[in-house]
Each structure stands twice: as structure tokens, then as C-alpha cells.
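For reference, the chain that follows is the form predicted on its own, supplied as C-alpha cells.
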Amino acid sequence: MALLRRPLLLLLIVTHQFLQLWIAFGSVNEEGQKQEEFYEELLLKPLPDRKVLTHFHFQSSAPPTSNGRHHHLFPKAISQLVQKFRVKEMELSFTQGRWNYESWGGFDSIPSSNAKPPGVELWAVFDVPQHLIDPLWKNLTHTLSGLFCASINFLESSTAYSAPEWSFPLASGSLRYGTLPREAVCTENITPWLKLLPCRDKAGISTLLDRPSIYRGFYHSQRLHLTSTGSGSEGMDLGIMLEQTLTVVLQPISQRASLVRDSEKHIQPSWSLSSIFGKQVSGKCVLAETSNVYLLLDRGLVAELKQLHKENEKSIENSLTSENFWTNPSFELSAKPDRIFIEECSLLSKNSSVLYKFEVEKYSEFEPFDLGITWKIPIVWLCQQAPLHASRFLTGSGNERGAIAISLKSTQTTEGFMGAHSNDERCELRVDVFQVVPWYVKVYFHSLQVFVDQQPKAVSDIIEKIHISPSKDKVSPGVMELVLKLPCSMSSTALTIEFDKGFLHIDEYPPDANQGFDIPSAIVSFPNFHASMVFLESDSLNKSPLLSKFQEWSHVMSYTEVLLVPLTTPDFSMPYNVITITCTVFALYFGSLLNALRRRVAEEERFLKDKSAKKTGQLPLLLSKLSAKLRGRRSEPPHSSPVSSSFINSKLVFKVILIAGLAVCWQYYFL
């Protein structure tokens, strides 16, 4: 019987698992509904300052279905969040460090979409009536705070978020925007972010996400962007597109800067995946549709390589093919690319970037994927810059008033962006500025001044459109939205605006108040310029979400620095000193008072008599008892004199009166 039970039990287990798989996957294919999809991709890009840009891109999609509570790949927590709070579009980012626009570029798709301000940035668009947006925003911040183990719930206060009018073209009036510049980013935030992936960090490209390697980088930004499609009516749930990106700038450790000689300072360091992450890729995630790794050589690097090899190759600009670039003598790749894409030349740039594609699904644990690049010759190049370089700083001194200044300086490539009409008097460059100021920084918007090439200009001549929402004390922050029309021939522009520093209640100061108070980064965008890369073989790129994002036209934008404003800060040690002294005096007073009230005088006198008797010795006591027996009388202990008793009572009364007098004087003169 035992031999028959084992095969039967095994058959029941296999049948049960088969039924579960049939129910799970069969319910998805009913009624011709689309299945959920997941893509994982990694982009590697060498930077001019001897660093490497690594950009992880994961995309999950859930089509509109009638049973939205059941998901196979898509994270259920995100689906419930969208359904409950009616989120139409949302973006959340955790950033450590600041993107270096001068060295790492500011015109391509990565800085325009993935370069974020330090700390936490959150914006969301709601598909609800106007009066329900603020309550849903507060509930959303609490949900995200618990989901990502962060202090996002601080954005629930009306003093921490704003409602832009037209700086974000997504939805006017339905969008809420908030930032926490001082929020620290650590492994507690990236662990819940990784749990949203189907394979977590156990398989596929996500296995490269080594925590020490990520957090020792110069810049680290993890982003979550979701978009819901459909109306959700007639019993159909919303379709959701979830995009998770992680952008890290690392320094290769194979060749440290301290060991580089002067003759080799222009040679790029050789690196590989195992050297910068300490791991290799052992195949793709089995749930992913595609798993690819890309190596991007930007336009400036390709132009420099063409210039270096112009003498050896004839008419290289016309004969730039995949084979020629694969056999380039300037560098060597450790793995052969599966495909090579060349960008089409655009009107804004005569150069083209080159993209190498590596398919991870061809590799396994026995043959892991470890892409590396070895440079053979020194090379120096510059990344493509935005039309204007934006920076922000404070002016003035003291704890009473000051001014905020925004500086816009023309880059060297501005004339190329403007084209032949850059010298035309009618040529204008549009710049949008969005700035949020906390309520305790009381800005005087009428003091706005504009300087073009260090010459003062009328505000009406430069500012085409302006929207101002003054701050309210302890209610809402101040918001300023500007549309500038600058002449193309200008070299620098500065905006200044004055402010007064307010006073806070003692409960409103942060734990480290002496460090100062943060003003969030301002957003400077250029609507007339779009960052995109269009490749020659665009049909094969439709299956890649990352490259599809690169081909989309997105506004070129940049974030300014976070300002640190020192405010008048009270001496937090004084309340502590007063509390300690007061508690000490009251402890002495009540302790002495209770001791005096609960003291028993008769017992103390008896204790003193016994103590004095012990000091005199036992012989006198025995003699007194013997004489009492001889006389036939009872031995009695000696009585204390009334003088000593009255002395003790008067001393006790004097102590009580003295302590009460001290307490009254302290209460009257010092409190």
C-alpha cells in the first residue's frame, strides 16, 4: 500500500500545479486580451571626465482588463495605487548628488528625462474633480512613503507642494508638485524599488545592481514613472505602463586617477561590467520579452574619432559603416555586438552617434556576459550642451534679507543651434523658468530685475508671460512661472528677486536648524529644443522601449542648485537649561518637604538613645539593672530632656520655612 500511495501523491501534486498554471495563463488569453509584458535594458556610455554612465531601464505594462485584481508580471501594489487614487500620470525620483551638465552633457535624452534634483521629487496628475485632488494627493504621499520607506508623507502639508499652471503641459490644474531636497537616499529606498521587478535582483540585468557599487558613484537617481490609459468605465480597469529607471555615474576602479601619469591623463580608463559592478550577467530574466545591453558613443566622441583617423581613411564621413566602426583601432570591445546602429544627422548637429547592441539571452551561467572596452589612444571630447547653462545663487548678507539670482549663460554650441538666423534681430530664444519658494522666505515679486549682458532691461521687454502665486504664512509656498524671450545674440542673462527671512515657531525648526533651510531646485526648460535620437534602422527599434524613448521628442530642461538659506535660529540650549534648573529646585523642595512631613520624632529620639547607650557600653547598663533588682524596682530607660526635644522641633520648623521661602522667591523672580 505504501508503494501505491507515493505515485498517487506525486500525480496529485503535478495535476494541481498544472491546473494552477492553466488557470493563471488561460485567464489572460480569454477574449483575445493582451498579455502583460516586461522589458529590461541597460545603456552604457563613456563620459569625457573618465567616468562611465550606466542607465538601467525596466518597463512593465498591464493592458486594460475586466479582472484587474489578478496580475502575472505587473506589481499589484502599483495597480492598486492607480485604481484607488485615480492617478493618470505620476513620477517619483530619489536622487543623490547633482548632474554635472557641463561635463556630462545636457542636450540628449538622458539628462533631459532622467537628471533629477537632489532628494525626492514627486508630481502626479489626477483624473478626478478639482475639489478631490488635494485629499487624494495627501493619501498618495502616505501610501508612497510606506511603499518606498521614505519621508514622502512630509509632502502632505500644503506648505510643501504646489499646483503649477502651465510649466507642466500635462494637465493644467490637475497636477501637484512637491520636493524634499534634504531627503537622504539609501538601500532602504532601492530595495522596495527592486521588489517591483518580476525577477527582483535574482536574474537578468538587475543582478548587476550591487548596493556598494551604486552608492559609491558620483551621481545616483532612481525613478519611477507610470502612465494609465483608458477611462476605466464599463467594468474595465485602466491599462498601466510602469517605467523604472536607475541612472548611475561611476568611476572605473581599474585605473585610479592617482596612478595616472601626465602623459596618460587623456587616455580613458579601460573598464568592464565586472570591474564597475563586481558581477557578470548570467543570462536574461525568463519573464522578460527582451533583455539587451547597449553601448552608446555620443556625437562628440564620434566626431573626435573621425578627426583622429581622417588621415588613414579616405572620405570617412561617407564610408562610415558598421564594419568600419567595428574595426576601429581607437578601442577594443571584449564582446562582439549583435547589431550596430548609426544615428541620422539632424539639423541641430552634423555629427551622429553610434550604438552597439548586445543580446543577453545568448549568454548563460556557463558563458556569462561581461562587456568591456579598452582604449588604445588618448582622446578628448565634449558632450553636447543645452542652449544655456543655468545656475542659481544667493546674494546679500545677514539674517534679515537677501536676494535670489538665476544666471543663464550661453554655451559654445548656441550659435549652431540657432542656425543661420542667430544674427537676426528678430531671432528669440524662449526659456521657461519654474521656481517654488517656501513660505518663510518672503519674496517681493515686484523687485524682479532682468539683466542682459550685464545691462538692465525692462521686465516687459524680456518676460513675455508670468504667473505668480504669493506665499501664505504656514499655508502655501510661493510659486513663480516665467516665459522669457531672449535675443539669440546675448551671452548672459541674470534674474534677481529680493526676499525677507521670516521667523518660525520653535516647533517648526528641523532637527539640525543651524545647517540652514533648503530652497528647492528651479526648473529651466527650452520648449523650442527637443532631445531625440533617430537611428537609420528604426523598424528594428520598435521592440526596444529604451530606444523608443530616445526617439521621442522631449523638451530640453535642466535643474539648478538647491539653495541653503540661513534663518534666525533660537538658542535651543536655553529651554533645556531652564527646565533642568527648575526640575532640580522642585526636586529639592518637595524632597525636603516630604522628608519633614513623614519624619517620626519619637522614633528618632529612641534611635538616638539606643545609639548613645551602645556607645557608653554594656557594663553601666548591667549595673543599673542589678541595682534595680536589689532594690526591688523596675528598670526604666533614661528620658531625654525637654530641651533637646524642643530644639529638634524648632530645627525642623526652620527647615520647612526656609525651603518654602526659597521656592516662593524662585517662582517670583526667575519664572
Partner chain sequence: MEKLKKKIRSFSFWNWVIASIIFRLILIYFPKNLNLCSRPEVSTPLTSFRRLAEGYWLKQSSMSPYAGSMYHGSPLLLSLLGPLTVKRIEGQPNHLLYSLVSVIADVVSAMLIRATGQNLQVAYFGTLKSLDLVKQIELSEVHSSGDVAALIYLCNPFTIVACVGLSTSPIENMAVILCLYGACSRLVPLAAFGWVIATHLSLYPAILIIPVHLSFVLAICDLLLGYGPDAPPRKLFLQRHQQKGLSSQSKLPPGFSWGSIIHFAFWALLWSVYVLVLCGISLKQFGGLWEMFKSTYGFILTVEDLSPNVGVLWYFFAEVFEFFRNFFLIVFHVNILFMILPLAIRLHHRPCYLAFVYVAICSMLKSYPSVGDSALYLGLLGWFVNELSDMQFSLFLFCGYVGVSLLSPVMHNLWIWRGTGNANFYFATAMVYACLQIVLVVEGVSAMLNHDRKLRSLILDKPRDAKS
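None of the values given here were measured: they were computed from a predicted structure. Positions refer to the first chain, counted from 1. In this text, rigid core is short for the largest set of C-alphas that superpose within 1.5 Å between two forms.
As for the form predicted together with its partner chain, it is not shown, yet the points below apply to it.
Okay, which stretch from 572-580, 80-88, 113-121, 295-303 lines its partner chain in the predicted bound form, with non-hydrogen atoms inside 4.5 Å?
Every other range fails; the passing one is 572-580.
To verify the annotation, which of these, 451, 166, 445, 393, has a non-hydrogen atom within 4.5 Å of its partner chain in the predicted bound form?
Answer to the contact question: 445.
To verify the annotation, which of these, 504, 379, 433, 287, has a non-hydrogen atom within 4.5 Å of its partner chain in the predicted bound form?
Looking at the other structure, the residue within range turns out to be 504.
Among 398, 470 and 589, does every residue place a heavy atom within 4.5 Å of its partner chain in the predicted bound form?
Every residue of the spot touches its partner chain in the predicted bound form.
Classify residue 604 as contacting or not contacting its partner chain in the predicted bound form by the rule of any non-hydrogen atom within 4.5 angstroms, answering yes or no.
It does: once its partner chain is placed as it appears in the predicted bound form, residue 604 has a heavy atom within 4.5 Å of it.
Can residue 568 be called a contact residue for its partner chain in the predicted bound form at 4.5 Å between heavy atoms?
Contact with its partner chain, yes.
At 4.5 Å between heavy atoms, is residue 344 in contact with its partner chain in the predicted bound form?
Output for residue 344 is no: heavy atoms all beyond 4.5 Å of its partner chain.
Is there a heavy atom of residue 458 no more than 4.5 Å from a heavy atom of its partner chain in the predicted bound form?
Close contact is absent here: in the predicted bound form, residue 458 is far from its partner chain, nothing within 4.5 Å, heavy atoms only.
Within 477-501, which residues have a heavy atom closer than or equal to 4.5 Å from its partner chain in the predicted bound form?
Heavy-atom contacts to its partner chain in the predicted bound form: 498, 500.
At a 2 Å cut-off on C-alpha positions, does residue 460 qualify as shifted between the shown form and the other one after fitting the rigid core?
After core superposition, the C-alpha of residue 460 moves less than 2 Å between the shown form and the other one.
With both forms fitted on the core, give yes or no for whether the Cα of residue 577 moves by 2 angstroms or more between the shown form and the other one.
The answer is yes, as the C-alpha of residue 577 shifts between the shown form and the other one by 2 Å or more after core alignment.
Indicate closer or farther: the Cα atoms of residue 576 and residue 516, in the predicted bound form, relative to the displayed form, with a change of 3 Å or more.
So the answer is farther.
Might you say whether the CA atoms of residue 576 and residue 151 end up closer or farther apart in the predicted bound form than in this form? Their distance differs by 3 Å or more.
Farther, not closer.
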